[in-house]
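One chain is shown next in structure tokens, namely the form predicted on its own.
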């Protein structure tokens, strides 16, 4: 019985990590590794992380995010100055040509406020990213554990 439980648990964990590794294409942009952390209730904000690869010859910029999972979704950047961390609003996140830009813990990230409901591990929700030049694309965001540092994709950095 214990082996069946552990096997089922491993399949669920692997499936969650594999879904977070999906990649969406928008012109020269590849958007992947979209994930969030589980929240403690709906009154606390959530985060959104993603990797954006620009294979084109022109720079682009991420200018906004929206999701039905939160009434207010904004781009923020974690900044540490004189030992004090803050998270000011970012009007745009550069996506330089030929490079990968990551929204990741400790840097740029999506801040999801006024959640529609708590985010539970194993859940997923859509986020629409708006780019200055490429337009809009919607990606599926997987909710990982509260302690997660990100999905374990083969191409994850």
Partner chain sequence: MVLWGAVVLAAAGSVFLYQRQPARQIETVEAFQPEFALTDADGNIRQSEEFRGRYQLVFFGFTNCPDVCPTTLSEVAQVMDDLGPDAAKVQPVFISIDPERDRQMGLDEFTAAFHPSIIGLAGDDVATRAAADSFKIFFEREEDPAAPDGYSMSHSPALYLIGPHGDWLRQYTYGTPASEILADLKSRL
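Positions refer to the first chain, counted from 1. What you are looking at is a predicted structure, and each value in this text was computed from that prediction instead of being measured.
If you look for the form predicted in complex with the partner chain, you will not find it shown, but the lines that follow are about it.
- Stretch-level contact check against the partner chain in the predicted complex with heavy atoms at 4.5 Å: of 25-33, 42-50, 126-134, 59-67, the positive one is 42-50.
- Highlighted residues 72, 86 and 106: every one comes within 4.5 Å of the partner chain in the predicted complex, counting any heavy atom.
- Contact between residue 92 and the partner chain in the predicted complex is not found at the 4.5 Å heavy atom cutoff.
- In the predicted complex, the partner chain sits within 4.5 Å of a heavy atom belonging to residue 113.
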